[in-house]
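Below you'll find only one chain, the form predicted on its own, shown as structure tokens.
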């Protein structure tokens, strides 16, 4: 990332790297506000039709899950690459990864729908599609029954969350132990296990995207979809962490630890994954368009009808062209105010991306874009709980790994 000079500052475990008391107010606002908004969304869904509620809830769930999955990926990659620059910001990533536990709890409504036989959200869960004697029999869905069935779906969900929680907790707890004992061997141990963690993450995140997003249309398939989902996870994570660090510093936390050099590197990754997301999105579209196979093109045709083409165009510009030129400049990446503004914009467009994947499946793929109050209640409801639990995980914990052997290197980061 650049050269280094002797560190001019040190970090001690004091209140300057811990959350101030004001954050507890934010925590309770997020907790009670989030629960209230989800209750309101449920009431509105019962009144206006539960189908839209289910899809909207899934959209917001995947959105916040993707941010934490980006963190679950980043932490072991940090250790695997023996990165020095990111030591100062790693604890924030570790805390973000802990929220996969929160998302496991918020997955319960989706889990309950599937195991109780409801097929509003996942069409393949309708037994009539599997039975050869049924007038609704669908041969393609029936052929996928060994994989797409409620029991195996539930088992896989347990495996996914088990892998993510195991990775998140292991790296986080060992990191906290090192804060106490300063054992350099901990760094080597985490480095040793990081390769296995990355492989476990890659398989679990890929198949989770197949189960919870791609199977919304059980006729459609794309072998590149898992990479597409991962690109969104990584991009949203770097944007979210940039905003988090900015807000922490605005409130006097980590103000001397995270410098413009760290923002510069976060901006590089944000820029890089903006390109990567666009490359994968275009590759997926191009291959399906070129092959012109009916089972594959239907997914995109649905998203070019009933007003969804405007959302697709918004993604092309809002998720790629605009942030591409916005974050390209070195001066932007080294200005935390401007970079944080772009990060917020990218996070908004990431929601549009998930919305574009999920919501066209409403009403059998005939519904136009109708963003409304239920969507707002779901996004801010789940978001409130997400932020509340994030603060809970961070309470009374140093936000910098104070005894990591590479901390001085990170503090002295300098980009040429």
Partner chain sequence: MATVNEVIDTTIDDPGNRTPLVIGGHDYGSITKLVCRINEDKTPIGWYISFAVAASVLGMFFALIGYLVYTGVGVWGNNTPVYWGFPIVNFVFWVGIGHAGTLISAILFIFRQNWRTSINRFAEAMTIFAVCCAGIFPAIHIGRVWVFYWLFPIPSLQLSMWPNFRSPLLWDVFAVSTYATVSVIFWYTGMIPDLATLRDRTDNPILRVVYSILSLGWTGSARAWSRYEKAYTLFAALAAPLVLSVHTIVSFDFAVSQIPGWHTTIFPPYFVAGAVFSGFGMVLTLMVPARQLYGLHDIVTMRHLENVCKILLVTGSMVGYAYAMEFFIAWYGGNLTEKFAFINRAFGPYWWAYFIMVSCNVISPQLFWFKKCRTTPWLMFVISIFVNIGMWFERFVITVTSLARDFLPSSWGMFHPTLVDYGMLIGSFGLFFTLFLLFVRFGPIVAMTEVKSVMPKPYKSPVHDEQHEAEPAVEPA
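Note that the structure is predicted; figures quoted are calculated from it, not measured. Residue numbers count along the first chain shown, from 1.
The form predicted together with the partner chain is left out here; the points below concern that form.
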Checklist outcome for this item: Here the chain appears without its partner; judged in the predicted bound form, the stretch of 143-151, 110-118, 96-104, 305-313 with heavy atoms within 4.5 Å of the partner chain is 143-151
Checklist entry - With a 4.5 Å heavy atom cut-off, would you call residue 180 a contact of the partner chain in the predicted bound form? => result no
Next on the checklist: Is it the case that residue 405, even though its partner is missing from this view, gets within 4.5 Å of the partner chain in the predicted bound form, heavy atoms only?
Outcome noted: yes
Checklist entry - Does residue 268 make contact with the partner chain in the predicted bound form, using a 4.5 Å heavy atom cut-off? => result yes
Checklist entry - Contact between residue 172 and the partner chain in the predicted bound form at 4.5 Å, heavy atoms? => result no
Checklist outcome for this item: Answer key, the partner chain contact in the predicted bound form at 4.5 Å (heavy atoms) among 263, 237, 299, 164: the residue is 263
Item to check | 291, 128, 155, 344 - the one with a heavy atom within 4.5 Å of the partner chain in the predicted bound form | outcome: 291
Checklist outcome for this item: When the partner chain is considered in the predicted bound form, the residues of 208-242 having a heavy atom within 4.5 Å of it are 210, 214, 215, 218, 220, 221, 222, 223, 224, 226, 227
